[in-house]
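Taking the form predicted alone, here's one chain by itself in structure tokens.
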């Protein structure tokens, strides 16, 4: 398969990294907390490595598994180390009670990341509509994605397919804000009777 770099060492990094390693990918973890990253690498196993935070990631696909509040600054700090990379924004910029967003139309977290990322890096919004513990079950899932680069989206789609997930292209990066709202929708449905094992998907009739 290929090497996937994940910046972060929390719940989503754990779920994505574990699933990726199980499906044959080499996983590289990068985190300010190197001890936490090493502990997670040991937990995931399957050749998972820990890279140097701030250095050029090994993978062409770099998953930003951090809180939205720090994502933009982190990408800015990485700077040219992310040149040519596909940056997968999985963030959900929820307000305090997860009933709305801290972003606006045309100013999604993905847009903000694209503004500070190197010109030849490509941002794809994806995986934000799936709870981490659901992702960790390694069952087939639908995964929405959005981005302006057809080549970058094709790369992310191939990665998702390799994890037994069905990629659903929502369109250009302008749809990233809609996917952030889909995260709010998921929270609402989960809280109002469906429970937190619920997933969002699309089905052809």
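Residue numbers count along the first chain shown, from 1. Quantities reported herein were computed from a predicted structural model and do not represent experimental measurements.
This next part talks about the form predicted in complex with a further copy of the same chain, which is not shown.
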In the predicted bound form, does every one of 43, 61 and 66 come within 4.5 Å of a further copy of the same chain, counting any heavy atom? no
I'd like to know whether residue 179 contacts a further copy of the same chain in the predicted bound form, with contact meaning heavy atoms within 4.5 angstroms. yes
Exercise: residue 140 in contact with a further copy of the same chain in the predicted bound form, heavy atom 4.5 Å: yes
Residue contact check: residue 134 to a further copy of the same chain in the predicted bound form, 4.5 Å heavy atom: yes
Determine whether any heavy atom of residue 105 comes within 4.5 Å of a heavy atom of a further copy of the same chain in the predicted bound form, and answer yes or no. yes
Okay, which stretch from 46-54, 33-41, 66-74, 161-169 lines a further copy of the same chain in the predicted bound form, with non-hydrogen atoms inside 4.5 Å? 161-169
Using the arrangement in the predicted bound form, list in sequence order the residues of 180-194 with any heavy atom within 4.5 angstroms of a further copy of the same chain. 181, 182, 184, 185, 188, 189, 192, 194
